[in-house]
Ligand code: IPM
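Before any questions on binding or motion, here is one chain by itself as structure tokens, the form predicted on its own.
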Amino acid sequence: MSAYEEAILHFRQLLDAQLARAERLRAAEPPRRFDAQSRVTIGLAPGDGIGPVIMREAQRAAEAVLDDELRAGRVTLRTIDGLTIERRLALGQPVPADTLEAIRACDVLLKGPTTTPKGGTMESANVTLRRELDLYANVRPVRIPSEGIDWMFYRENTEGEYVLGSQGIQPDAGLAMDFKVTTVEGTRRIARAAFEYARMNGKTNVAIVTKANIMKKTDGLFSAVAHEVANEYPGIEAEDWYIDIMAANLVNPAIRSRFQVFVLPNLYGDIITDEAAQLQGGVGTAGSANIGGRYAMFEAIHGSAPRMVEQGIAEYANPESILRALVMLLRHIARPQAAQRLEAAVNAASDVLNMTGEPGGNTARQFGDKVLSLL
């Protein structure tokens, strides 16, 4: 079989798989409600690099803020081992099968950062978990009160360039191709999540961010479906923006405070939410939620920072991002009072401590101690 024929066969297999996936989306069950659930199991996965350091502080905070519910058995914390880069490489699996089974046995997951190998064909653990658990909405808040910024980003999490990111083709040395996927149902549910958030929180504007003038089929479909959903919310303005100008808008003080809610395809959302987090104070200050109908995963927005481990300064990692992810988790499982208490403690700790990530600054343990003292 020639390289050309192999490429056609490969594409046909990808196409068949995505058509089957689109059919499954049409039959998906409605999202679960935690306010009607008496018991909740929270999985804790330390991850790689600085992950175990910051997750240690997140677990301490969770044990403190959920103390009564843990003792009453209404909430259970369960450590999930095996999601390390060493084990994943040894098994050749982005998420080992037994680890995935353990995660599925939980209701929600608080996950430390995981390292993705450069090159090769192994996809990231995050991409695998988002697909296997169908975590279609990546939700990231960014708030800078002093500048009037209160943004909420809804990034589609299971499609776009990432869903087949490790399954591109290179039929010869001079050509490589990757694939981008957009479905009607996948777009509809992320758009509805964004507009529902806007409706529930008194927001009046949703920015639909694409590059539909260039990516006419995929981004064009995303924009069209998002506007169909917008028609169900007559009190909320839906605006089209292209990703390049929106990236510029976020750093433009004259316009950026007017934005409220954003809904974006996968790749654009990944890039622009890091930009937004940097404006807030860096990726170490932002949490991230990955929401599906059955499962949800919460994590820091930053990576595993292997450099800090190599230099022996991992204890200086800032746990603020994972603690803010824990705040989002608490809200998701219908514990708003616990979330409010923890958020206030994290805000206060971040105001008084000097988290530089280097010797001379405060350590993760000191940040955690300050949060516990405030709780």
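Throughout, we count residues from 1 along the sequence that is shown. Treat the numbers as computed from the prediction; the structure is a model and nothing was measured.
Below, we refer to the form predicted together with ligand IPM, which is not included among the displayed structures.
Peer 1: At 4.5 Å between heavy atoms, only one of the stretches 242-250, 155-163, 183-191, 102-110 reaches ligand IPM in the model of the complex; which one is it?
Peer 2: Heavy atoms within 4.5 Å of ligand IPM in the model of the complex occur in 155-163.
Peer 1: Looking at 280, 218, 116, 84 here, can you tell me which has any non-hydrogen atom within 4.5 angstroms of ligand IPM in the model of the complex?
Peer 2: It is 116.
Peer 1: Counting non-hydrogen atoms within 4.5 angstroms of ligand IPM in the model of the complex, say which of 93, 124, 260, 285 makes the cut.
Peer 2: Answer to the contact question: 124.
Peer 1: Check for me whether ligand IPM, as it appears in the model of the complex, comes within 4.5 angstroms of all of 57, 324 and 341 - heavy atoms only.
Peer 2: The answer is no; none of 57, 324 and 341 reaches ligand IPM.
Peer 1: Evaluate residue 88 for contact with ligand IPM in the model of the complex, applying a 4.5 angstroms cut-off between non-hydrogen atoms, and reply yes or no.
Peer 2: No, residue 88 sits far enough from ligand IPM in the model of the complex that none of its heavy atoms falls within 4.5 Å.
Peer 1: Does residue 134 make contact with ligand IPM in the model of the complex, using a 4.5 Å heavy atom cut-off?
Peer 2: Result no; residue 134 lies far from ligand IPM in the model of the complex.
Peer 1: Could you list the residues in 247-275 that come within 4.5 Å of ligand IPM in the model of the complex, counting only heavy atoms and keeping sequence order?
Peer 2: Contacts from 247-275: just 270.
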